[in-house]
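Only one chain is given next, in structure tokens, and it is the form predicted alone.
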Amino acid sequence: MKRIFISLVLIMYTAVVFGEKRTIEEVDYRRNSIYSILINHDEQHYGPNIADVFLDMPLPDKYNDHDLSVKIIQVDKKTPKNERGEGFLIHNHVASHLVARWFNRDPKTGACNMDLIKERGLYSASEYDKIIAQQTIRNSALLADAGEELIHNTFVIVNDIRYIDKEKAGRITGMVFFYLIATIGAVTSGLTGTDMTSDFATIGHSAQEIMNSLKGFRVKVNTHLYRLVWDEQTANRFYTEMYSPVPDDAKKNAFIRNRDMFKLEYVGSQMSSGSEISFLGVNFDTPDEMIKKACTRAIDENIANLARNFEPFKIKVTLTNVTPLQAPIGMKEGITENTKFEVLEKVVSDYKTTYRRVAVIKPEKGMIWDNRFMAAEEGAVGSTLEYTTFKQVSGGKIYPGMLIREIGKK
């Protein structure tokens, strides 16, 4: 079948008049789906606070939200440190619940539908109506495509967050700092001996009060990544034995009996120490705000590194402008001046979707968007930008609406 190259050209951006910026809104594209959970150590200092702020953390906007009802795994000191949440994932048949959500499966009747797949796969209603009418779900090339690019690209992120107490170190650093200030002041004003000691005692008392409100807060986050297994064998069994668009007791019970056939595969882990997190812009009278910033920044850092290191977890983002080249991606996704991206053209053949590289781009110096959590509140450089601006380093013609994907380090 003749290939259809979808470039999303003239109809998707405004007219160009002698150098006027060509721009379009970010177009829909297929995203990876994630279910994010927390391993919570309730006995540790700030454990309950960390659990509370985790439930309020924003999901990374470059992924589909595939969360289930359970978001927090409570563990105690007896839990093995290297478990990575696997006991919870296996014993609670999490993989089967992820599949059930894809097909909007009704747990009471077993009835399923394709609404979520149609929505996330960007398929037209007519395409799905034809499949349903012909009862060709199991053998549909379109569903095979959806399975490979949508269902199989469902990920579980298990975040193990540990609080590190820096209060004592913070107090020592603060007292040294204020001692230096006192010494400099004494020298410039001619104070010596008893006078300097007396002044330092006064300054030190104020310093202690200040440092008590600026206690160091640091978390170490270990993020473990799992991927849903959706191979041909699993798909065939599900469509043949368990899928029904209407209530069906036999297929409902078949799904329940065979929950163990659905699997998650371990992809890799990433650790963030949180040592470089700034607390500018944080209200120190509100501890949860500080905790939320520390945890969100650390998890975002881990997700960015996992995406860089593991090919299936990479994100694709719309190139929204071409004069100049711009895309809504930034420091939250780990972009630096040395990061390179491939520009992708979508190719559809027999319902099979692939992506062809047409060019390579990299960020312009000083034009990287700081879209990290609370970057605007801390007044970070680049936080007022809405895009990262790129320059082309190789390849051919680039159009708005094409996708970009980071090229991993080799």
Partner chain sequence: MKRTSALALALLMGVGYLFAEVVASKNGLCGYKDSQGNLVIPYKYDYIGNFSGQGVAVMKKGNKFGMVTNQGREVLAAKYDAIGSFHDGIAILSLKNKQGLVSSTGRLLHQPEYEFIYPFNSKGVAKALVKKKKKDPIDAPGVVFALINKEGKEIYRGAAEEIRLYHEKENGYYPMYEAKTDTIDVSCGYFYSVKENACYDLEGRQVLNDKIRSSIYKQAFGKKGNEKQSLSKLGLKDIEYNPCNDIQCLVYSQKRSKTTGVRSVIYYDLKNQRVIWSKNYDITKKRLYALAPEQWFSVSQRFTPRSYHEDFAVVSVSDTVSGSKDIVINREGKEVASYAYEGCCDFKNGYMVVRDENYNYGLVNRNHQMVIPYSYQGSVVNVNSFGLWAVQNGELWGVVNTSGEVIVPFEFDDIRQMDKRDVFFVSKDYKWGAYERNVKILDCIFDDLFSFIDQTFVYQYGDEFGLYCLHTHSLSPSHDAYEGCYEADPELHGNQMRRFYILGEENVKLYGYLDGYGNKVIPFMYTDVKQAAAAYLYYRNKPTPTFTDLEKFRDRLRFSRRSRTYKLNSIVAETDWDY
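Positions refer to the first chain, counted from 1. Being a predicted model, the structure only gives us computed values, none of them experimental.
Quick note: we don't show the form predicted together with the partner chain, though the next part is all about it.
Query raised in the report: So in the predicted complex, does Y266 come within 4.5 Å of the partner chain, heavy atom to heavy atom?
Result: Y266: no, not in contact with the partner chain in the predicted complex.
Query raised in the report: Is the gap between E311 and the partner chain in the predicted complex 4.5 Å or less for some heavy atom pair?
Result: Because no heavy atom of E311 falls inside 4.5 Å of the partner chain in the predicted complex, the answer is no.
Query raised in the report: Does any heavy atom of R237 come within 4.5 Å of a heavy atom of the partner chain in the predicted complex?
Result: No, R237 stays farther than 4.5 Å from the partner chain in the predicted complex.
Query raised in the report: Though only this chain appears here, would A250 touch the partner chain in the predicted complex if you measure heavy atom gaps against 4.5 Å?
Result: Looking in the predicted complex, residue contacts with the partner chain do not include A250, since no heavy atom lies within 4.5 Å.
Query raised in the report: Any idea which of 334-342, 221-229, 108-116, 293-301 reaches within 4.5 Å of the partner chain in the predicted complex, heavy atoms considered?
Result: Contact-bearing stretch, as computed: 108-116.
**Report entry** Position in contact with the partner chain when the complex is considered in the predicted complex, options D370, E377, E364, D67, heavy atoms within 4.5 Å
**Finding:** Selected option: D67.
Query raised in the report: With the partner left out here, if you bring back the partner chain in the predicted complex, are Y35, G85 and V94 all within 4.5 Å of it by some heavy atom?
Result: Each of the three qualifies.
Report task. Quick one: name the residues from 61-76 with any non-hydrogen atom within 4.5 angstroms of the partner chain in the predicted complex. Result -> Going through 61-76 in order - heavy atoms within 4.5 Å of the partner chain in the predicted complex - the hits are D67, L68, S69, V70, K71, I72, I73, Q74, V75.
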